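Shown here is one chain on its own, the form predicted alone, set out as structure tokens.
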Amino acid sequence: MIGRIGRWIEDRAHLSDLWRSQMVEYKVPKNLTFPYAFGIMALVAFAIQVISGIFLTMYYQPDVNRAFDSVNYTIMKEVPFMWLIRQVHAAGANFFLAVVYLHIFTGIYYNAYKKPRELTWIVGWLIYFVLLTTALTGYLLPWGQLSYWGMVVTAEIPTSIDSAPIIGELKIGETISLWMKGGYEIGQITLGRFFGLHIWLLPLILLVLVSLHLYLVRAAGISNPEGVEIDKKKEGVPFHPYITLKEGAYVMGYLAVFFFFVFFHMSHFLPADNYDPADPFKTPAHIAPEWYLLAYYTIFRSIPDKFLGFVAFNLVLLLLLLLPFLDFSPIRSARKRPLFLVMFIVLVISSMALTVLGTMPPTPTNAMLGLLFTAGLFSFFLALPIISLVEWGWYKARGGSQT
């Protein structure tokens, strides 16, 4: 009976042909390294967030008078095993963003944004931006002290636009802040708006973008670590079983680490201060964004002028989007680009330092260090056109050789 149903479906859907063309006959470079697995890890993390989020939505109440209790009592204590789903979702958000950051740095190192993959990079940037917005909207939903006051601070950041000499008179920043909050203070409208964005609109956009990103990866092919394009018909190895088995092992390792934190170290993802209900009249001692926004936060607060700080951290996002057009060198992969490798190391060190500084008090020394590493971050993007021109000279001198 099962066999007949399977044949009936196969005659109409031709799933075996799809499997053969997309998995068995699809060729990839045979020297793919471990960092290439961050893409599939991100996909698994996305699936975990969607599934766990669906279960949480069944019991969460987007009401300022009930949200906190629905999370900390109904979900965490009353419904069997929902505490596990909540912890999986909370830890999963952090792991998802961590893997995405590693995926981004891997793409930069291997120059995976170069022709013909510029569109793949742009769609990947859109995924990153929407993911940050999704995480930001979800951060408010528990309606705890840190959630509430973290959003208070975040909603005030756009008002720094109004400190600009000319455009400040238009009150654009205040308008954006009011739109985010749905009024002059964070309340029921804010919570309802963020709930709708977090569980419906933004995940739908992410699903479309992730699907498009996967299609573009397949259409353009996976980049070679050595920076040399392969002949898909003559070179490379079949994606299945060579890559699927290798990446499957990496995913199992990822899940092992993930569930280790879920069961034994959830304090990293559910801070104690957020177990207190939101109180508009009691400000916590230390308010800082989540770790995945700390680098931008450090850039913003390190620059004395609020408007310039706002422009600076948004400019980083813009430069990241424009990376394929800033780096027009014919040589691919940092393995063969010593100047690029030096600047890539500067980028990594600056990003990590800015993240760490974001956890520290805003002292004059930390502000100075923040400016220093902000300059290091921008130097990477500003150096790319210069490095590209130099490498074009090397490329022509070697007769068009990558080595």
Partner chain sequence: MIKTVFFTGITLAFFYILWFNNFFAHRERYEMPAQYVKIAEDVKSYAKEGKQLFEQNCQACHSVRYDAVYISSVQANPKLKTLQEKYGKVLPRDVYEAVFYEDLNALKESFGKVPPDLSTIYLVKGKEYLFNFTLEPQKVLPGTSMPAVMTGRPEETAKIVAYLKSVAEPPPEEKSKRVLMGVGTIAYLVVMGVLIWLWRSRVLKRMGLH
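Positions refer to the first chain, counted from 1. On a predicted model such as this, the values are computed, not experimentally measured, just so you know.
One more form of this protein exists, namely the form predicted together with the partner chain; it is left out here, but the text below deals with it.
- In the predicted bound form, at least one heavy atom of residue 272 sits within 4.5 Å of the partner chain.
- Taking the partner from elsewhere, residue 265 is found to have a heavy atom lying within 4.5 Å of the partner chain in the predicted bound form.
- In the predicted bound form, the partner chain lies farther than 4.5 Å from every heavy atom of residue 305.
- The partner chain in the predicted bound form is approached by residue 95, whose closest heavy atom lies within 4.5 angstroms of it.
- Of the residues given (172, 84, 214, 207), 84 alone sits with a heavy atom within 4.5 Å of the partner chain in the predicted bound form.
- None of 137, 72, 329, 154 but one reaches within 4.5 angstroms of the partner chain in the predicted bound form through a heavy atom, and that residue is 72.
- Annotated contact segment (heavy atom within 4.5 Å of the partner chain in the predicted bound form): 96 to 104, selected among 172 to 180, 154 to 162, 112 to 120, 96 to 104.
- Residues are counted as partner-facing when one of their heavy atoms sits within 4.5 Å of the partner chain in the predicted bound form; in 243 to 278 these are 245, 246, 248, 249, 250, 252, 255, 256, 259, 260, 261, 263, 264, 265, 268, 269, 272, 273, 275, 276, 277, in sequence order.
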